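Take a look at this one chain, the form predicted on its own, written out in structure tokens.
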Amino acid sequence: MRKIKIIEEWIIKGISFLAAYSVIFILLYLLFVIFKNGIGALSWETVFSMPKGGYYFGGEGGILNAIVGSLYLSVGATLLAIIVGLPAALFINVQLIRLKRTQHLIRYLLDALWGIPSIVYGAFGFAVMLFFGLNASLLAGIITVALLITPILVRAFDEILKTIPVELQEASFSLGSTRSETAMRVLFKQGFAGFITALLLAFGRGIGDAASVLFTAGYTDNIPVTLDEPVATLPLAIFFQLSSPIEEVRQRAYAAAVVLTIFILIISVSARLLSKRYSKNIIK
């Protein structure tokens, strides 16, 4: 019997080791392929210049319009998601603290929204655009991406708030604090590190998504100056250039992928560092 348990333990360890290092290998191989194909086409001109005449046929120019457009769209969508998502997460954990069934229902609906493919959000945003007579624009893209990342922001922050001891809320109530004061001065302060992580997670999803803005944001070689103008993004730049039959244009698509990957890596590392920094003052 003891030998069987030892064999089972070694089998589980082997499967766990294989699964863990397979994930690492896939990530490293993905980065290797992207950087191998894109680093040669990456230059200062590619990053800091706008597309010029004949750019999509191998002419001069860069992806500055897509970089700035991605930042415009993802920052705007993240701010809109914060306006909706932060009060929603606090409401679930403070106002509904005694209504467990309602909490479970809202969390289930948020999980369902999280699991909806981004192309469905794009189709929904396109339908809303047609209903209100809007054009493909930065505003339409921001609204669509905000709808996409709001459930992510709410559920991620909600999971952090669930780890905060209930005794902190009870102590706050016993001192005469209202539910709103408890939410902002106790829960939000204690969960701030998790909120930063959730925020950057949502931002990273927004800046890297292509399907949700394919029908709503449009595409342009210029940097938009108003909300009703179309906007280019890095995922769309990759999509359009990678489908080109011209080898040089496809190399530029990989260069855009390198820039986008660097953005995502910076966001991930920042989330870890900020979460570690602000978690020191959390009461456990």
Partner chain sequence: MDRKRRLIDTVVGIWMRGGLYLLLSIPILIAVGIYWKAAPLLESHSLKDLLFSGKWFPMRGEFGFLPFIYSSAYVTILSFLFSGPLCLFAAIYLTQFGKRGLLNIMLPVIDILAGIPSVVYGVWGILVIVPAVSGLAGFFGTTSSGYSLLAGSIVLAVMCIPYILNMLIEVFNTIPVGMKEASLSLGATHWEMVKHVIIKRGFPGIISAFGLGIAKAFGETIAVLMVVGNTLEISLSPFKPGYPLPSLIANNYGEMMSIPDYDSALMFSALLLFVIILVINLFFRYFIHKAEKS
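Positions refer to the first chain, counted from 1. Take the two forms, find the largest set of C-alpha atoms that superpose within 1.5 Å, and that set is the rigid core. All values derive from a computational prediction rather than experimental measurement.
The next section is about a form of this same protein that is not shown, the form predicted together with its partner chain.
Residue contact check for K5: one or more of its heavy atoms lie within 4.5 Å of its partner chain in the predicted bound form. Taking non-hydrogen atoms only, T178 approaches its partner chain to within 4.5 angstroms in the predicted bound form. In the predicted bound form, P235 approaches its partner chain with a heavy atom inside 4.5 Å.
Residue contact check for W44: none of its heavy atoms lie within 4.5 Å of its partner chain in the predicted bound form. Shown here without its partner, the chain carries L161, G218 and L227, none of which come within 4.5 Å of its partner chain in the predicted bound form through any heavy atom. The single contact residue among L71, A171, L134, I119, judged by any heavy atom lying within 4.5 Å of its partner chain in the predicted bound form, is I119. Contact with its partner chain in the predicted bound form, defined as any heavy atom within 4.5 Å, is confined among 102-110, 188-196, 163-171, 134-142 to 102-110. Heavy atoms closer than or equal to 4.5 Å to its partner chain in the predicted bound form belong, across 20-49, to the residues A20, Y21, S22, V23, I24, I26, L27, Y29, L30, L31, V33, I34, N37, ordered by sequence position.
Once both forms are fitted on their core, the CA shift for V225 between the shown form and the other one remains under 2 Å. With the core held fixed between the shown form and the other one, A19 has its Cα displaced by at least 2 Å.
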